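The data below hold one chain only, encoded as structure tokens and taken in the form predicted alone.
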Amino acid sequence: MYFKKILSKTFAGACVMCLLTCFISCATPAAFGVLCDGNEWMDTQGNPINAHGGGVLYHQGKYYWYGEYKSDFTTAAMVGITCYASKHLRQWENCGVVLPVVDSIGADIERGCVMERPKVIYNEKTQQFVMWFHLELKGQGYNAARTAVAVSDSPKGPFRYVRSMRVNPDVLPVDMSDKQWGEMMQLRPNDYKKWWTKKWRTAVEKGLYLKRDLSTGQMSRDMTLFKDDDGKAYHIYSSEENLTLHIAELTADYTAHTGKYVRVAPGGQNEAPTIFKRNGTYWMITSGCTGWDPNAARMFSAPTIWGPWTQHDNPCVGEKSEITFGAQGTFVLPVKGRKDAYLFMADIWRPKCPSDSRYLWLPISFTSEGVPVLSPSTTELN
């Protein structure tokens, strides 16, 4: 059954079909195909993989997939963050819940809070595995807009919860000029109570919500992590009421922010950031903000992590490209042992039954100019 036929059934409203089986060998450059067989993606014990909004870490010959454990009838965190391990991205062993929720009333990660998009990177200097995720406090909807950090001595956990926070309080973006600072400081929130007007949008671009949250720290929702070739790590997150992306540098131990950050696409309404580096160029694929409903992916590139970031056309091509094939990105994985090979990881959300949300992993191909392309007809990596 062809991938397009599987997708057409999905979009027709039938039960979301399966994902894929990735055939990969880390030791040899074997062909890497994407297959859809109409089934759920099962772990080695025959149970559906439950690791949504996730990311993958490669460490000492194994891949570790961290994600949100989704329950049947709520998107709140009732269990915690799970981990699966694999040597070849095809069969995944369930390593269990590596950061569980707690039952202590008022705790940051109290059962019923929101724990989303966990990502883990390894710090060679401290020999710790560092996890960041988006956190919303129980009973507060999405108003807390915090990020949280946990650490472990093993990729299989357990992770020790450290703290949650808003990001970079009392710190301005490093690329904000004195003129821009002056214009931002003149903005008064009461003058822009009506959203979506031209006047309001201009104020957002100038830093309306950046100024509002300056003393408490900036909002952080959908997020990812990126570790560069030089070992420096960065936290990329949707901020300013999901209207502007921030890229913030992490400290040498990866457990805090240095205070150095930039704004990307102010007022552009981007979430679900994914990022990778190829041939010296940084690429970022995001989505628009339409709740649980899929939308057209966006793509940006920059010569450095700090920018300037240039927006490109939707990287998706083919049927259903206008809704990213029914999915939303969560991570881009450079495939170890294969030259110039990257996987775009995405979720097919099912908010009425979150535990039955599915996964879409596509190889990224590139044009002759080096521009990334996502297509369900791509069957092999470059």
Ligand code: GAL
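Heads up: residue numbers just count along the shown sequence, starting at 1. Predicted model, so just to flag it, every value in this text is computed and none were measured.
FYI, the form predicted together with the ligand isn't displayed, but the following is about it.
- Only one listed stretch (109-117, 206-214, 84-92, 148-156) carries heavy atoms within 4.5 Å of the ligand in the predicted bound form, and that stretch is 109-117.
- Only one of 231, 141, 291, 182 comes within 4.5 Å of the ligand in the predicted bound form through a heavy atom, and that residue is 291.
- Interface membership of residue 357, defined by any non-hydrogen atom within 4.5 Å of the ligand in the predicted bound form, is ruled out.
- Residue 50 falls outside the set of residues with a heavy atom inside 4.5 Å of the ligand in the predicted bound form.
- Proximity of residue 222 to the ligand in the predicted bound form: non-hydrogen atoms within 4.5 Å are present.
- Though the partner is left out of this view, residue 271 does reach within 4.5 Å of the ligand in the predicted bound form, counting heavy atoms only.
- Using a 4.5 Å cut-off on any heavy atom, the one residue of 318-333 that reaches the ligand in the predicted bound form is 328.
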